[in-house]
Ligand code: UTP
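Presented as structure tokens, the chain that follows is alone, the form predicted alone.
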């Protein structure tokens, strides 16, 4: 440990940050080892660069030129329907050949939802109580059965939940997908800085570390060996999605096929904004390059602008669901992550030079996955139905909460059952019709109807309970 200490003291002293070891004599051996682990993982050149940006101040760039993207819409012309049929065939070929890997971003904790553990362990199944992890795994199991190719599932965790996620996957026997088909890797962390660029400590024996943003998924895939693992399996691209949305459809032949047919490097699924006032980032063109336009960057005139059919021009609400080519990720991570860094300024609890607890103005740094769109010469923006594909669990109450997600799930499944003439249960105390459809059985109305007919034939006319509860 002595040699490790000397090495890190030299590194951080040369960077003018040796205060991070100022409490060394107060730490026990376990605390010292943990601190050295943290220090060894800090990219000091990057920290110095980010600190310089703080000292130089933010440059005032000219207002960007904004434009809406070309959207492949929900309501399609006959020509677009023909294009969709061809794209589905291409997507089916890629899925059946095992050319698509699945990347799940699952580094968050469920503390905001009252769960002491990874957010992916939060139960959202309206009746089954299936967790987010279980629902995503069920969709991938369904993809394996439909397309006949092994699943290659890449799950990004964080230092805060990696061990718990590993244990949960093992406890669930890796959801029947096979341990060899699941690759867990960790997101990198960066120290927070004060406004002078000084590294902050959470306490005398720990840096104040924060995740490097969902854009860090790309760098983590490269540094963890996930990219090489995927390449060895013949994977050419990834379906990227986040853990909080149980309606996401990672194995979507239309989306994957449209992306491939367009020769795109990165593409996005979007949902139509509910109205002009909905505060959500939209996919569009920023100075001629693809990207995500923040709500606050759109003037009142642009927020209300309409196309010839009366739809909002800037309606492509970002769902954080992408298809990303493997070689494109390599190009963005060769020699370091080529994404801009964003600053999140806030009051940060830390310790002063005497070890007393204080709060200071500080900055956390993060990258955003959608910034990678700017490097993609071609990109597909596929519009999908919010009711079918997007209902994230983010907040304990109100919008995007467990209550709204469960209501959305029940509403979707009850609609399928009603359309097929099934007997519906009474509403529960929350006003929902308690119905749940296992994604391994059906992912849309047509598949539900087909499965229901199969079940009716097998049972002599009685609706099968395994399809819906």
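Numbering follows the first chain given and starts at 1. Between two forms, the rigid core is the largest collection of C-alphas that superpose within 1.5 Å. In this text the structure is predicted, and so the values were computed from the model without any measurement.
The protein also exists as the form predicted in complex with the ligand; that form is not presented, and the subsequent description refers to it.
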Exercise. Given that the partner is absent here, does residue 109 sit within 4.5 Å of the ligand in the predicted bound form, heavy atoms only?
Worked result: yes
For this session: Examine residue 99 and determine whether its closest non-hydrogen atom to the ligand in the predicted bound form is within 4.5 angstroms.
Result: no
For this session: May I ask you to state whether residue 236 is within 4.5 Å of the ligand in the predicted bound form, using heavy atom distances?
Result: no
Exercise. Looking at the partner-bound form in the predicted bound form, is residue 211 within 4.5 Å of the ligand by any heavy atom?
Worked result: yes
Exercise. Of the options 249, 315, 322, 119, which one has a non-hydrogen atom that comes within 4.5 Å of the ligand in the predicted bound form?
Worked result: 119
Seminar exercise, completed: If we test each of 243, 266, 218, 283 for a heavy atom within 4.5 Å of the ligand in the predicted bound form, the one that passes is 243
Exercise. Counting only heavy atoms and a 4.5 Å cutoff, which of 76-84, 100-108, 145-153, 323-331 contacts the ligand in the predicted bound form?
Worked result: 100-108
For this session: Please state whether all three residues 8, 34 and 352 have a non-hydrogen atom within 4.5 angstroms of the ligand in the predicted bound form.
Result: no
For this session: Taking the ligand as it sits in the predicted bound form, which residues of 389-407 have a non-hydrogen atom within 4.5 Å of it? Please list them.
Result: 394
Exercise. 2 Å or more on the CA of residue 378 between this form and the one not shown, with the rigid core superposed, yes or no?
Worked result: no
Exercise. So, does residue 76 move by 2 Å or more at the CA between this form and the one not shown, with the core held fixed?
Worked result: no
For this session: Align on the rigid core first; then say whether the Cα of residue 346 has moved by at least 2 Å between this form and the one not shown.
Result: yes
Exercise. Relative to what is shown, are the Cα atoms of residue 129 and residue 110 closer or farther apart in the predicted bound form, where the gap shifts by 3 Å or more?
Worked result: farther
Seminar exercise, completed: Checked in the predicted bound form: CA of residue 111 to CA of residue 171 differs by 3 Å or more, atoms lying farther
